[in-house]
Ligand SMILES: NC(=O)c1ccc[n+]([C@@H]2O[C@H](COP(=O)([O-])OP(=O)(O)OC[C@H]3O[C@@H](n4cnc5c(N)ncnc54)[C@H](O)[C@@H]3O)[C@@H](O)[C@H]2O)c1
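Heads up, the chain below is alone and in the form predicted alone; it's given as C-alpha cells.
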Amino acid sequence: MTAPTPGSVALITGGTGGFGRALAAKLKTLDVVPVLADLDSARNRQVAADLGCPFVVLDVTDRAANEAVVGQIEAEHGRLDVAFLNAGIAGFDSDALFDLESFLTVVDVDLFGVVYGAAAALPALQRAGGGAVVVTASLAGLSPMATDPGYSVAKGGAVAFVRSMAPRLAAENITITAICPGFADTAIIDPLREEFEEAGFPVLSADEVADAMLAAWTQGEAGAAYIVQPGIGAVPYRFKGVPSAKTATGEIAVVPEALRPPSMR
C-alpha cells in the first residue's frame, strides 16, 4: 500500500459511525488529518473529541451544506486531499408492500448524499492538484436485496455514479472508487443482530471495512468497485461485458466521440 503524504486532509461523511471511527483512527496513525462530518449531536461531537479529530456539522442531503463544509475545511486546513463519502442509512421497517417515503429518504441520503458530496469536493481536489473520492456503497448495490429496495437502488446508483465519473476525473488526477461491503458490524444490522448470531453468519468488522477504504484511496483503480467480505478481504468486482452493437457489415460499432469524456477521445 502506498502511504498517504503526511499532512494530507481527509473528509469523512458519516464520520462518527462505525466505519468512520475506524477509518479516522487509522488515518491519524498515518499523520493524515481526518475531518469528521456528521449530524449535530452531543454524541457525535464527543466521538470526534475522543478521537482527537475536527468535527463539522453536515446533513449530506443539503447541497449548500456540503459546499460549506468543504469551504470550511479548506479555510481551516488549507486543502482537501480525499473525500470519503461514507454517510448512509438503511430502509425502515414497514408492513406496506412498498413504502415510498422510506424509499425516497434512503435514496436521498445514500445516493444524492454521495452526488452532493462529490460535487462539493471536486473543485477542492482540483485546487489541491488532484486527489481521491472513495464512496461507501454496498454489496446490495451489486446484488440487490428484496428486503430493502431503497437501499439497493441507492447503492447501485452510487456504484454507477463512480463508474461513470471515473474516466472524466482521470484527466484532473482525481481517482474515484467504491467499496461494497457485505454485512458489517454497524448499527444498520442492529434489528437483525440476533439472527446473524444464531445463524453463525460472519459479519465484517469496522476495521476490515476501514482497511478497504484506505486501500481504495492509496491504490484504488479508477472506477473500481471493491467487494469486501469476511474471509476474502477486498477484491475488485469484475463487471460482465455488455455486447457491443454491430454495424451493417458486422463490425463492432464505435461509440460517437461526443459521448466519450475528453480523457477517452
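Start at 1 with the first residue shown and count on from there. What you see is a predicted model; the values in this text were computed from it and never measured.
The form predicted together with this ligand is left out here; the points below concern that form.
Proximity to this ligand in the model of the complex, taken as a non-hydrogen atom within 4.5 angstroms, holds for one residue of 36, 27, 60, 210, which is 60. Contact annotation: of the candidates 184, 153, 115, 142, the single residue with a non-hydrogen atom within 4.5 angstroms of this ligand in the model of the complex is 184. Shown alone here, residue 137 lies within 4.5 Å of this ligand in the model of the complex, counting heavy atoms only.
Residue 162 falls outside the set of residues with a heavy atom inside 4.5 Å of this ligand in the model of the complex. For the chain shown alone, residue 44 is a contact residue for this ligand in the model of the complex, at least one non-hydrogen atom being within 4.5 angstroms. Taking non-hydrogen atoms only, residue 124 never approaches this ligand to within 4.5 angstroms in the model of the complex. Stretch-level contact analysis of 169-177, 70-78, 87-95, 126-134 against this ligand in the model of the complex, using heavy atoms and a 4.5 Å limit, identifies 87-95.
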